[in-house]
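What follows is one chain in structure tokens, specifically the form predicted on its own.
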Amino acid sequence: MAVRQTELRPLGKSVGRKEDPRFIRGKGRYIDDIVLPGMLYMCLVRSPYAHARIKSIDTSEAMQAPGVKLVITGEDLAAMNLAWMPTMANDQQMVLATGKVLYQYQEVAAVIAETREQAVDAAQLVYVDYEPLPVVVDPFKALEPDAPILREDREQKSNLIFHWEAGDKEATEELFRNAPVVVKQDVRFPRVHPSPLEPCGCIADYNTATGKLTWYVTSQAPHAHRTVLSLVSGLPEHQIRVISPDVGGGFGNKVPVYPGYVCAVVASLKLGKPVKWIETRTENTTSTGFARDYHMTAEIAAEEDGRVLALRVKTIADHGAFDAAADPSKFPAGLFSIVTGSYNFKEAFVEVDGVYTNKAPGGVAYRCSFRVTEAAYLIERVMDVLARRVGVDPAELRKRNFIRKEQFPYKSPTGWTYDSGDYEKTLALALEKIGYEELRKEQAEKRARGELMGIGISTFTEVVGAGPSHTFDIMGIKMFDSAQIRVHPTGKVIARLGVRHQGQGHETTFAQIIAQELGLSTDDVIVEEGDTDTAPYGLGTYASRSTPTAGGAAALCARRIREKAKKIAAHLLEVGEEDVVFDGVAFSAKGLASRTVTMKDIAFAAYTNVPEGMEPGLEATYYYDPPNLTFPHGAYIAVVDIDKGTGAVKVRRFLAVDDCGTVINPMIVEGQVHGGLTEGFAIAFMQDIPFDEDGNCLATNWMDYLVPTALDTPKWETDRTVTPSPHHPIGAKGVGESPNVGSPAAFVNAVVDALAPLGVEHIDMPIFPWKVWKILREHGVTE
């Protein structure tokens, strides 16, 4: 139950969310709530073909339609040198198609009119003459020598985007040559979509009198977007103000810069009026920010008792028509090289080929730290394959291979330094809490009766907190983050941060950190984000980086204020600074506990009675560059029953034990875990974006691309262990993505465990009932 916010020392308590009254009462302010005087509306014309040459575009009839003010084509943008824009992955992407289209629903023209309906109607009058070209949607076929070259703008003779490696190949091969046991498994992680409730959109408002552009946008990274927009448009950054109001879910979908954003800005610059663009659900699902789409093969070399020696991984990554993946520049495949997971491999070698296909670009970090979900899923699946091969219980196999707590900080064979962890303790808690021994006995009894029951385990390690700047950047911009705190004379605090929440509870979480550091109540602290004219520069909220980076910045910024407050306290208490102590609530003279001053006393004095020579005021700014990433972990266990008649899988129980370091607000952590588990469940059992051979997208709306409802979602059981990060200012690690990272493998391991008596070793996601039913029928279990 939430506690009253007036309580001091709020860290670790379930303080009620400060932002909820606004949302619950319908007082949130989203992009489509904003209406500016004289505002125009934009609709995009999109390609019906996945690959076609554009012979001509006729906009004359559309220009004559009622209310239409402007129609923009790629040729118009080319004349302004705006036809291409940089992507987050250092590729380039067409804003509006010129020459040819490369995926279905690609942006071809933009129509701007007085009303949204007029813009939609006029878009139907833009005539585009296409010449269809051969389509390639299979990344393996795209790499064949006779495959059509999709990106003619690049000086290369294949559709290979990059080849990337990590680890020691020779040392790994040597261990494989001499290993008593080798297992191998092919795994696909399907193309899925984040599907935020609010699609992407923006309002570009160029003021012809001041020359300033105000850009309202559904952004997870307002400052980074301002920089990209400046690079594309040529407008200097100080004449661009990016405002990201309330954002209705992001999940990585609102990190990239999309063509619609650029077109709205161009239209506003040309017309001198505000221009709004809001996606439809189909536009959001088909053309903005997919995730996953990895084809992976993993091999483990092990001893006969299952102790692992080496890991070998080969992956084909389908990045669509443009490499727009939101990855740090030095990691073309994101943080996929954490694929060794929680296990003490001696060596590992990982290679990834990125491939162009006729699909929409993206590869966003959907509730995942840059491809960690794919990596965690792969290693947790293949560890189960190894367990079955050597005849060891999957829980016992994991225990034998865990990195021990005394090994931290642990250097992985692919180069990461894990900060802290106690994997045995977390798994032990999970096994005890779910009653693992009793479940295995129940399973044996059910199998004897011919029933299908499965138990799946996933003991994953996440990596979050991008920065640090010595390793991470986006388009060359170092990945620190920032906080600015101002204490007013009455002791009330306004804090501005460089990240931007999309429902995660920042207004409460950061208020708790700051209140804890300053000896105040969270009621005294207001947190603001999302306005580049007021907030310090930051890299935004995604990849579970807010608490590890901005949370660290907030704590250290508050401590900077506390240092000055201590000097003022010494002045008020008439003692030396070295004789002042802070107990978390007030400052007092050492040995004289009755002589105290509070932060509110000090705040008033900061503006009225500072020591001679001291600058008045009480505020600070801190840019936090973390020394390392943080590595949360968890142990998840799923229990499923399978209906032999229909193939339907019922998730009977699911337990998630997370360790995200120091917990700031247990209630918010719990909410994050529930949301992530629900998304992981959807990926395991419901979601995929398939394409036919002509490149037609076959999941364009929420009738075809399934989003779980409360009726679909299992009941979640949760618990936690706490292993603080040794280098984070308050020991926090981040949790938002862990449940999405760890749960798919637990679900699939449980289903495979249920089908194991039939000889099944793997089944690809999504596990639709018909897939299971087909397996049952092939084995004569059902008719």
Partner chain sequence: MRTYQGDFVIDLPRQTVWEFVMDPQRMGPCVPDLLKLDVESETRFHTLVRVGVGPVRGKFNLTVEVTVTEPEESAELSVRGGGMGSRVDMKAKLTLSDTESGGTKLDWRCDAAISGPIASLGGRMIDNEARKITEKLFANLREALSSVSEQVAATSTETAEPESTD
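Positions refer to the first chain, counted from 1. Please read all numbers here as calculations on a predicted model, not as lab measurements.
Same protein, other form: the form predicted in complex with its partner chain, not shown, and the subject of what follows.
What stretch, of 510-518, 567-575, 98-106, 454-462, brings heavy atoms to within 4.5 Å of its partner chain in the predicted bound form?
-> Of the stretches listed, the one contacting the partner is 98-106.
Going by a heavy atom distance of 4.5 Å, is Glu693 a contact of its partner chain in the predicted bound form?
-> Residue-level check for Glu693: yes, a contact with its partner chain.
Can you check whether Leu698 is within 4.5 Å of its partner chain in the predicted bound form, heavy atom basis?
-> It does: once its partner chain is placed as it appears in the predicted bound form, Leu698 has a heavy atom within 4.5 Å of it.
Check whether Met703 has any heavy atom within 4.5 Å of a heavy atom of its partner chain in the predicted bound form, and answer yes or no.
-> Result yes; Met703 sits at the interface with its partner chain in the predicted bound form.
In the predicted bound form, does Tyr410 have a heavy atom within 4.5 Å of its partner chain?
-> No, Tyr410 sits far enough from its partner chain in the predicted bound form that none of its heavy atoms falls within 4.5 Å.
In the predicted bound form, which of the listed residues (Thr621, Asn207, Gln124, Asn609) lies with a heavy atom within 4.5 Å of its partner chain?
-> Of the listed residues, the single hit is Gln124.
Identify which of Asn401, Thr282, Thr87, Gln185 has a heavy atom within 4.5 Å of its partner chain in the predicted bound form; exactly one of them does.
-> Going through each option in turn, the one that passes is Thr282.
Note that its partner chain is not shown here; using its position in the predicted bound form, name the residues of 47-65 with a heavy atom within 4.5 Å of it, in sequence order.
-> Contacting residues: Pro48, Tyr49.
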